[in-house]
Ligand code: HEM
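Presented below, as structure tokens, is a lone chain in the form predicted alone.
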Amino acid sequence: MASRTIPDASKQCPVTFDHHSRDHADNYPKIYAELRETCPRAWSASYGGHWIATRYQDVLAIAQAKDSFTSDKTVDPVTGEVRGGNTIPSLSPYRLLPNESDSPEWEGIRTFLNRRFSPKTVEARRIQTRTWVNELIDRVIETGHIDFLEDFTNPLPGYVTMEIFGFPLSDWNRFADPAHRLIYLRQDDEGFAEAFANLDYFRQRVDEEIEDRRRSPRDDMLSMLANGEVDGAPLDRKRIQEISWQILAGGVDTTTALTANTLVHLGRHPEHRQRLIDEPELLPIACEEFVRYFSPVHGPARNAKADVDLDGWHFDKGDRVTLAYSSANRDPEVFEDPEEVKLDRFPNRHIGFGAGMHRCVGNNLARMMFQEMITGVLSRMPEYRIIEEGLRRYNSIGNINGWIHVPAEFTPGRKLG
């Protein structure tokens, strides 16, 4: 799509901005701080043209204005052109449901999913999650070496996601790897098309398991999708695939990114690590601070439904806007000393799990997995050291702020068995 021009005075704050660039990944706190100060309602010609909302109040207002802004995605059946959606540029021609939908479709799907992600249901998974955490640590505990991504923060959410679906645990990497690559590779990277093609295996397996669950239902998400109803109607193949893609993408990447960023931070700040060891009851509050500070969901998109004015900010129908969570969560107008991690920050009004109707359905599950992973590491390898020269950040953090490799070493210990 060709870049848009700047047609009126309201778009007279143009900036050079590419949230998928290497420079952005390395320097996003500084980039966003400058935008908040000098051009908080910026316009970028990149990716067809879009606004960037960087201040907390603007991000919150747009996220909550569901009658004026949409995250719905449509695909032209003839040309294949994708319009809208909650990423800039669009991540794929497949919708993520319920994220890329609006009322009333959103309410039906969200209600359908809620019982699988309720606090009570999530808590029932804690013991099994803890068992897997210790099993993964047992695999490396005698060696004194770990890559926190490959050995720990990737497989654990993968296991939990497979169990929620009802897939064999052994499928986790074949599903998770292409999902990760789609998220961290730029679309002009030669590996992006390959990663996208590899998702066909996930779609094929969903189809196969749905047919099996229709014959033999079980207590899992695939059985819910195969035999459940939304707004009184059974789910067709397209909707099942779109909901499944959302659960996979949300399950295997955001928690991985949050936990990896936290482990890097604690490795670099032993005083924070020691405080969490000495005060384990602080971890749930610290979790909210790490969500704020690292904002694993970096900046989703919204789309203007019609010409709209919002607190003096004019949008033309069809205008796209990036809601820069990573900037809003460090806005000094809202957070005292926003560039510092305060483990006991309270209250903490972060929007790291979203705001408005599209708040993350899996936020309780993410918190639980994060707490169990951090507890496992701090109890069994408390003096780990990050190998800085081996760190490798996502090539693009425009969708998710994560890492590809986080190697570390520690004093070898004993398996729990």
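Residue indices: 1-based, along the sequence shown. Quick caveat, the model's predicted, so the values are computed rather than measured.
The discussion below concerns the form predicted together with the ligand, not included here.
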{"property": "Interface membership of Arg359, the ligand in the model of the complex, 4.5 Å heavy atom rule", "result": "yes"}
{"property": "Heavy atom of Arg302 within 4.5 Å of the ligand in the model of the complex", "result": "yes"}
{"property": "4.5 Å heavy atom contact, Phe353 and the ligand in the model of the complex", "result": "yes"}
{"property": "Any non-hydrogen atom of Gly250 within 4.5 angstroms of the ligand in the model of the complex", "result": "yes"}
{"property": "Listed residue that, although the ligand is not shown, lies within 4.5 Å of it in the model of the complex (heavy atoms), from Ala286, Met224, Val297, Ile137", "result": "Val297"}
{"property": "The single option of Thr262, Ser326, Asn86, Asn154 touching the ligand in the model of the complex, heavy atom within 4.5 Å", "result": "Asn86"}
{"property": "Region of this chain that lies against the ligand in the model of the complex, out of 178 to 186, 313 to 321, 193 to 201, 240 to 248 [heavy atom, 4.5 Å]", "result": "240 to 248"}
{"property": "Every residue of Ser21, Leu91 and Asn395 near the ligand in the model of the complex, heavy atom within 4.5 Å", "result": "no"}
{"property": "Stretch 365 to 379: residues contacting the ligand in the model of the complex, 4.5 Å heavy atom cut-off", "result": "Leu365, Ala366, Met369"}
